[in-house]
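We've got the same protein chain twice here, in two forms, each standing alone as structure tokens: structure 1 and structure 2.
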Structure 1
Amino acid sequence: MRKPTRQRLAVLTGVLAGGLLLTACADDGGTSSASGDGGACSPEDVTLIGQVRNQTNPYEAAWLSGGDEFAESVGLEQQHLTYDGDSQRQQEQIRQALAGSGMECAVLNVLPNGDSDTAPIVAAANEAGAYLVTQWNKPADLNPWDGYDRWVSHITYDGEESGYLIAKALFESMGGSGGVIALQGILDTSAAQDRFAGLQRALSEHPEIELLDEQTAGFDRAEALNVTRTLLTAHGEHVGGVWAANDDMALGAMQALEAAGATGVGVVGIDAVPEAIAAIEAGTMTATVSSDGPWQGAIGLAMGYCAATGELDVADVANDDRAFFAEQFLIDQTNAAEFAEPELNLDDVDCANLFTRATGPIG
């Protein structure tokens, strides 16, 4: 990603001073180490696999694009797996990808469909001996350090903080009063749950803002278009803002607002997809949050690749870095131009820099 002036979200407290940097040694709560004592795969023998829900979601397309760029940088190709939000299909794809022998040099960077999907993915990778990085969704009581030597890391974002900050931006654009509707994501995901908790926190601080209604739209634009149409019919002119748990739903909501001839309604989302940033620049959308999709697509593959080739010893990675919150950025009209063309900086996914975006441990 380009190096814009970034508005950093709140950093979790309690991070050990050395826990975010790669150093020469480690202990359970301290620092992480890159060494030659990890895997023994030749670079040309490594298989790179990226799995997301679909490529029609611009954020997930950016994820795969970042993975492709990393793969090209090490002379490999990334295999794309997409499961269209179908948990059963996701599990079957994982099983097929790991079928047969010789998977010890396979690397998977996976977006589990929901929290309950992570355990079987971890079990399948563990049985095959493949390196795994998961992102966004996992049960709170399932951790990489609990006997999973090749589950390198789990990366997520402080969803409550991002949901809270876009809500604050929305409420400010509404002048601090009025009615809002909320579009939730897939309810069996910590991302959706945490983001909605952030909205609820913001609402508790703004008694003049009323939550008129909330419904799930599954992180999907077409579904959000239909849900927003229904909610506009029910609440009409009382709707002064739309809070959406991702940009795809926000863009669907904007289509519904345009079709209904509704003007002056603020809309916020999360993911910083190009269409959303363009809308923010144009003044038709209020704010979004970036988790940097290209970096996510690259960093998971990079972690597994560095472990497979022996440049990172997973045994030396501190627990703080094996399940962590990563840096994210609030985007509004004041800085949207700086994020308009996201680019992967390969230095950010070098084996020496794998954990530099960690802002604190999960938990």
Structure 2
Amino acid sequence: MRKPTRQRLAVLTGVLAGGLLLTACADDGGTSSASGDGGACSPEDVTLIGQVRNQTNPYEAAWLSGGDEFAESVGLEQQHLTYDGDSQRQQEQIRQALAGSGMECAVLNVLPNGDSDTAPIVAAANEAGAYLVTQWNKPADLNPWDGYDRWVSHITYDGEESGYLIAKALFESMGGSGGVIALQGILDTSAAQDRFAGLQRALSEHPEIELLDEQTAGFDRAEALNVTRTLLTAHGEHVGGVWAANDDMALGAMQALEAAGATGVGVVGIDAVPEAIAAIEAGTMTATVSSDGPWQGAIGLAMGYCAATGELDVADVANDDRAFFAEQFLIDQTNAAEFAEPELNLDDVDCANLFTRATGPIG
């Protein structure tokens, strides 16, 4: 434990200052090259990065495996990043992933944690010159065509449509009349709000269907189990159907129905997790909606890859394709078998078919 001498301190200060200067210079160099030419990367120089919240839910696991499959098809490997739903950690991971040099050939397919997390990710990617595709969350006033030449596209799904599709399927299975209970997601998320708006639109078209009760179960299976148990006591045999804002809650509700010995109650959810599809095949669940996780995991990487290798010129992409609602699929007993093993169709992510699933611009 020697005391630092004056000389040592001076040296230390000098080194630090020099380091700062160097970093500053490097930053300058990075920015200027970033805005330069695109599409000049050879395929083997491309780095593919997929980032999702965690790998513990089947949907995001399917997302990553779709990305892996695409990466393999072009002879590369996808780097997995997971941030456990922690915005801070997501930003930190992005910063680290983009810290190296030569990021002009990096491709990021990112699921931002929330709307507000998208702006810093976009800024970081643009700064480093990396190609970026974001999915699900972005603020309404932030758009790829506002000077972000490396932010290829933002893909999301019309939650109102998903909520509407499953509600229609549920009401039809109930014969057009009866009582339903609704399990909402986390109330302050746009996903929960949009999906519930879809249910309300379907309800307005079906005056014979009565919404007995709406409760939140936070997108969580265990919570849905408990809430449904209570709702079943409250409404008893009046419950003819359960509308859930995601499959996990739908599956929790099904467990509650089973424990209560209630049969013939329709249950619908959103996300198309494997368990839900199995239940639909077995006839215990009515319907779900798929956003096609493997496709989501692959398409973002494909868009960036095609842009990096010059097969896609981002400047040529229409604004309607740079922020779009993607096609979603209603799964019921007639087509559940096809979705039982979610697989990536490599044709869907071919450079020529990148935007074929766009159903319209966001808004």
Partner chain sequence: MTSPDTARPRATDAAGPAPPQGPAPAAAGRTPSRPRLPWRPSGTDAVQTTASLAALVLMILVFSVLDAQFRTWGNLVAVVDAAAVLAVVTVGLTFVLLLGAIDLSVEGVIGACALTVALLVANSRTGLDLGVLGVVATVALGAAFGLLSGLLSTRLRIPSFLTTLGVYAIGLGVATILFSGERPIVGDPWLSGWASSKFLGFAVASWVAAGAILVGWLIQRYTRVGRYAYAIGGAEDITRLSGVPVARFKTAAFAVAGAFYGLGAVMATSQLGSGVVTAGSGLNFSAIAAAVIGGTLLVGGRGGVLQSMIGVLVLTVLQNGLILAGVSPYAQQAVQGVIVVVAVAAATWPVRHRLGVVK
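Residue positions are counted from 1 along structure 1's sequence. We call the rigid core whatever largest set of C-alpha positions still superposes within 1.5 Å between the two forms. What you see is a predicted model, and the numbers here were worked out from it, not measured in a lab.
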property	result
Form predicted together with its partner chain - which displayed structure it is	2
Rigid core superposed: residue 228 CA moves 2 Å or more between structures 1 and 2	yes
C-alpha of residue 116 off by 2 Å or more between structures 1 and 2 on rigid core	no
C-alpha of residue 210 moved at least 2 Å between structures 1 and 2 on rigid core	yes
Distance moved by the residue 256 C-alpha between structures 1 and 2 (core-aligned, Å)	5.7
Residue 165 CA shift between structures 1 and 2 in angstrom, with the core used for superposition	2.6
